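Shown below, as structure tokens, is a lone chain in the form predicted on its own; questions about how it binds or moves come after it.
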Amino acid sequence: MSCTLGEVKNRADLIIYWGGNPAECHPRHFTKYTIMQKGKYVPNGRKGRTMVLVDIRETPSAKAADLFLQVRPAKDFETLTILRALIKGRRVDAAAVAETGLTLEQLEDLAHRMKTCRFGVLFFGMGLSMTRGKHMNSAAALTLAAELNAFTKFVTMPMRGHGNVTGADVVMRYTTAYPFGVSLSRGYPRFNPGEFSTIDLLVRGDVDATLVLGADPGATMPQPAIDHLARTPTIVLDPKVTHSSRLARVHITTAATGITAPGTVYRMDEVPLPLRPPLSGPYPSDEDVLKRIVAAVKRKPAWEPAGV
């Protein structure tokens, strides 16, 4: 959209999308939640907000942005680290800045906007969290937002790719204190992204069986992970046939949550939404199937190593 530099600088709120393309992946995000909405304390709507897009290429979302910053591939962590230094008034190395594909003036301008905005939010997508650096990139973005709160109100939030992914994180967090990358192999939760994350476990071949619930890793994960799912016993619980169920040893058809089974889903901002099914169906819910599996496992005799 067209606007003068003065108009952009006078806007109070700052919205940053990093490594995501909401115009195509979350088409209602602009109009319903971020740049277009008006409210009691934000009566100016779009005129009161500056939108910045940071990505490795110009996507359709750039058309809605006031500022587009094209960072070099795999240089997100370096860019975030430089921004952290700039908001603290530290000197940065010119060579390190040049590697990001951006100029020092661009980074200083963004750091200034983040420090002086009335309210800021950083939305980051899989272009940040699933490229080189992975959880380190996400940690850098979270740390940047935390440090900005010394100057203003600033928050960050991941842009989820599939329905109710946030719900899985919320449940893991209140049961184990960690959102993902959790191992319970020792009887207590251990958190170590990169070691216990699903993709890493599958790519390394560390698991000999997989239970897939409410997901389709066969359509989204790297090929080495998909190959390992095909080589080992994979069980899928899903209302429909998916890429994962086609390579699974067992597919259990379950009720569709919110359509033929009750349940609770979480929005990306962690607001729970209870669902009441308008229809009835012949298939059991995911919860019913899992309870029956747990009951069957409990009936089996305890496992002991051979020779004991």
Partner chain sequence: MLTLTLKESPHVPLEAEVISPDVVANLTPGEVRALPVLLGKRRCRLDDWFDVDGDAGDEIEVRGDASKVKWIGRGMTRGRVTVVGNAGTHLGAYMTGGSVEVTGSAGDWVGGEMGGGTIRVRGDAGGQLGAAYRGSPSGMSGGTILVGGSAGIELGMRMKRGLIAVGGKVRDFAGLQMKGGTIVLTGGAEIRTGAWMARGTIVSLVPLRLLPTFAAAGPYHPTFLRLYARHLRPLGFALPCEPHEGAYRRYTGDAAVPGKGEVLVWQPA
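In this text, the rigid core denotes the largest set of C-alpha atoms whose superposition between the two forms falls within 1.5 Å. Positions refer to the first chain, counted from 1. As the structure is a computational prediction, the values presented were derived from the model and not from experiment.
Not on display, but discussed next: the form predicted together with its partner chain.
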| task | Check whether residue 196 has any heavy atom within 4.5 Å of a heavy atom of its partner chain in the predicted bound form, and answer yes or no. | result | yes
| task | Tell me, yes or no, whether residue 74 is in contact with its partner chain in the predicted bound form, where a contact means a heavy atom of each within 4.5 Å. | result | yes
| task | Would you please decide whether residue 136 lies within 4.5 angstroms of its partner chain in the predicted bound form, comparing each non-hydrogen atom pair? | result | yes
| query | Is residue 192 close enough to its partner chain in the predicted bound form to count, meaning some heavy atom within 4.5 Å? | reply | yes
| note | If we test each of 111, 121, 237, 82 for a heavy atom within 4.5 Å of its partner chain in the predicted bound form, the one that passes is 82
| Taking its partner chain in the predicted bound form as the reference, which of 220, 116, 143, 106 has a non-hydrogen atom within 4.5 Å? | 143
| message | Going through 199-220, which residues have a heavy atom within 4.5 Å of its partner chain in the predicted bound form? Please give them in sequence order. | response | 204, 205, 206, 207, 208
| So with the core overlaid, does the Cα of residue 202 end up 2 Å or more away between this form and the one not shown? | yes
| Core-aligned C-alpha movement of residue 177 between this form and the one not shown reaching 2 Å | yes
| Is residue 193 one of the residues whose Cα moves 2 Å or more between this form and the one not shown, with the core superposed? | yes
